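In the form predicted on its own, a lone chain appears below as C-alpha cells.
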Amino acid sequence: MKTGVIGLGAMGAPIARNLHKAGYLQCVWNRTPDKAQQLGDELKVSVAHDPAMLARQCELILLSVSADSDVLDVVQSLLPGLAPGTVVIDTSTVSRETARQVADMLQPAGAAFLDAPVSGGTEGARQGTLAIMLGGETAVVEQVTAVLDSIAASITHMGPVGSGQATKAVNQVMAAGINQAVTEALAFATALELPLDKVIGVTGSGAAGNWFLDHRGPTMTRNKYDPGFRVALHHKDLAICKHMAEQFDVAMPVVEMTLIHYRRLMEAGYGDEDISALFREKLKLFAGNNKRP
C-alpha cells in the first residue's frame, strides 16, 4: 500500500524510515517544512505541501503527532484529499473520545480509521519493534497488517475504535507505577551506599526485573536522561488517564502522584528529558540526611 506519514518527530521519522525500508513509504508531511524536506531528500520520497496533497497520493496514512487538538486539525486538513477506501491510522496517544470523533469525521469521505497508539519508545521506533494496540474494524486491521509488520514486533487488535487508546491509557498508568517504583528504589539504594550497577543486575534477574530497570536504570544512575519518552509527553498522557478515570468517580493515586512529580520536573526545565528523570525527585527524599543505617 502506498503509505504517507504525517508528523516526523522522535517517533514519526524512524517509523517513516522503516516503512521506506519495507518499500511502503510514498510521501511525508510535517508542520515544519524543513524537517519534511530533509527526510524526503534522504529517502527520495515525495514531500507534500499540505495534508490534503499527501492524502491524494496515498492509500494508507499514518499520523504521529502530540495532542488531541493536533490530531483533529490534521484530520480536518486531510479531508479534501481523501478518496473512498483510504485508511487513516493514528499512532498518537490521545483520548478515546478523540479517536471516536476522528472516525466520525472520516466516515462521510468513505475513509476507514484505526486508533493505533504504540509503546516501545524511540528505541522501538528506530528498531521497528513497537507494540501496537489497535482499535477499529477487523477487516481494516487485516488490510494493513503487512504494513504495520514493518514497524512493529507486536500488533494486537483490542476491539472497536477507541479500544487502542483505552489500552494505551492502561499502559501509561503501568509505566507511571514502574517509573515510581524503580526510581524510588534506586534512590533508596543510593542512600544505602550500595553499588548501583550490582543492585540493577541482581534485582533485574529476579521477581523485580522489568524493561525499565534494565534499559533506564544504568543511564539514570549516571545522570543521563536522554529520551526515551519525554516527561512532558507522559504528563500529557496521564492527564488523559485522569480524565478518563473521572467517569468512574475514583482517584488514581499513582497517576495523581506522578502528575505532581512531573509538573515539578517540567517547572525545573526537565520536561524534555526521559521520564527516568524522576530519579532527580526521588534523590531529594534522601538529600541532606546524614544518618547511616
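In this text, residue numbers run from 1 along the sequence as written. Because the structure is predicted, anything quoted here is derived from the model rather than measured.
Keep in mind that the form predicted in complex with a small molecule is not shown, yet the notes after this line are about it.
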Seminar exercise, completed: The one option of T86, T183, S95, S92 with any heavy atom within 4.5 Å of the small molecule in the model of the complex is S92
For this session: Would you point out which of 260-268, 53-61, 37-45, 236-244 contains residues with a non-hydrogen atom within 4.5 Å of the small molecule in the model of the complex?
Result: 236-244
Exercise. Within a 4.5 Å heavy atom cut-off, is F229 in contact with the small molecule in the model of the complex?
Worked result: yes
Exercise. Taking the shortest heavy atom distance, is T122 within 4.5 Å of the small molecule in the model of the complex?
Worked result: yes
Exercise. Taking the shortest heavy atom distance, is R31 within 4.5 Å of the small molecule in the model of the complex?
Worked result: yes
Exercise. Is there any non-hydrogen atom of C27 lying within 4.5 Å of the small molecule in the model of the complex?
Worked result: no
Exercise. Is the small molecule close enough to D214, P218 and L278 in the model of the complex that each of the three has a heavy atom within 4.5 Å of it?
Worked result: no
